[in-house]
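One chain is shown next in structure tokens, namely the form predicted alone.
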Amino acid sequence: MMSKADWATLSNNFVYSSMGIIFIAFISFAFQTAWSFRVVPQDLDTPNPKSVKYTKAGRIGIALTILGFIFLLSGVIARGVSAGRVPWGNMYEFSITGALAFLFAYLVTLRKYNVQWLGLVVTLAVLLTLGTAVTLLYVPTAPLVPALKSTWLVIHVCAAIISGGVFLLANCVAAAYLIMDRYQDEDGNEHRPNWAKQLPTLAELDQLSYRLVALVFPLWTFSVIAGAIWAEAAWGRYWGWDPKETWAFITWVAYAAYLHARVTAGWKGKRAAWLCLFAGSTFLFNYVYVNIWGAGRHTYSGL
């Protein structure tokens, strides 16, 4: 029978293996991106050496991303088994699970929308997150601090992690919109280089970013409410303007403003994309700065 130390070692091996697989996926997507400079959409309709290499590289990248996701999922599960709890007690565990949620959001979106082109950005972001986690944030498994010993840990943190993964994917799409907008003239005509012709139109990018945010915003709202309920059970108050609580609320207000601007004020395009990126930056600030260097009752980085 495996001991907790064995499970911890197995978790580390799974995480390192997933990094290796995702790195190869990144290389495949990079190769596909390189070929996109030589392939135009018309080439994809007929079999030729250019289109075959472009398509094959993309398929290999997706297959390896799925495999990397499976290994990372196994690593997160093994970490939970080694700790005897859900693996969300410190920044290392939150980071590897956040990377998992980001990959999951990408792969699920890929089933319905043409977002294969995001593979290069997604795999790079996941590699940076996992690399930071294993080199700077890693801590051995340990019991939870008293405030975290609650069923609300599963409810609140799970909702927050899933929301964060989808928010970041929406931000990637919004950033792509701003880059592609540079190739549109004053008359609304797009003059893209070859590498950008495989990407969706500006209208499609704009809609996809909006749909991702609209889909997950209710879950983020639930996460904030669940956190308040948990705070009352742990500390006897629903809200105390702790730095992490404050920035979670700022993120909620920013994304609420984004949705409000789109629905009521008719914001679309560049203004909406910038607002989406601003909202996403508040989430990242909360995740990086507040978790590691912030002071308050939510400081559980383990560093």
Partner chain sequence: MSYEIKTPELGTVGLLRWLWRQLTSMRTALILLLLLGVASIPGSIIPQRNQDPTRVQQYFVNNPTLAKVFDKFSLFNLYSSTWFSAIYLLLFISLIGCVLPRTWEHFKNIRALPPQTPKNLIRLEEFRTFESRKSAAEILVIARAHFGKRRYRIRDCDASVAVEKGFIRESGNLLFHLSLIGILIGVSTGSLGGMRGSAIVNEGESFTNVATSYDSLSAGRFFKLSDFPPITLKVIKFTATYDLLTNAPLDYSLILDVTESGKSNSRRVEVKVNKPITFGSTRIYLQANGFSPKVTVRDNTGKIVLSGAIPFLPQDGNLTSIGAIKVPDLTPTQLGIVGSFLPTAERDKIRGGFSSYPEALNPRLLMAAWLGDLGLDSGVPQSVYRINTKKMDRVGLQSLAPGEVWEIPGNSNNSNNVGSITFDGVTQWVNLQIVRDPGKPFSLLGAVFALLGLLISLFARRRRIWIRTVVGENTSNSRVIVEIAGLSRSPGLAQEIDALVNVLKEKWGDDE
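The structure displayed is predicted, hence computed values, not measured ones. Numbering follows the first chain given and starts at 1.
Below, we turn to the form predicted in complex with its partner chain, even though it does not appear here.
Assess the spot marked by Ala175, Leu178 and Ala203: is its partner chain within 4.5 Å of a heavy atom from every one of these residues in the predicted bound form?
So, no: the whole triplet misses its partner chain.
Flag Gln184 as yes or no: does it have a non-hydrogen atom within 4.5 angstroms of any non-hydrogen atom of its partner chain in the predicted bound form?
Looking in the predicted bound form, residue contacts with its partner chain do not include Gln184, since no heavy atom lies within 4.5 Å.
Can you tell me if Ala34 lies within 4.5 angstroms of its partner chain in the predicted bound form, counting non-hydrogen atoms only?
Although its partner chain is absent here, Ala34 would stay clear of it in the predicted bound form, with no heavy atoms inside 4.5 Å.
Please determine whether Ser74 contacts its partner chain in the predicted bound form, using a 4.5 Å cut-off between heavy atoms.
The answer is no: Ser74 has no heavy atom within 4.5 Å of its partner chain.
Although its partner chain is absent from this view, report whether Leu277 comes within 4.5 Å of it in the predicted bound form, heavy atoms only.
Leu277: no contact with its partner chain in the predicted bound form.
Go through Leu67, Ile27, Ile60, Ile250 and name the one with a heavy atom inside 4.5 Å of its partner chain in the predicted bound form.
So the residue touching its partner chain in the predicted bound form, by this definition, is Ile250.
Counting only non-hydrogen atoms, which stretch in 102 to 110, 228 to 236, 129 to 137, 76 to 84 is within 4.5 Å of its partner chain in the predicted bound form?
Partner-contacting stretch among the options: 228 to 236.
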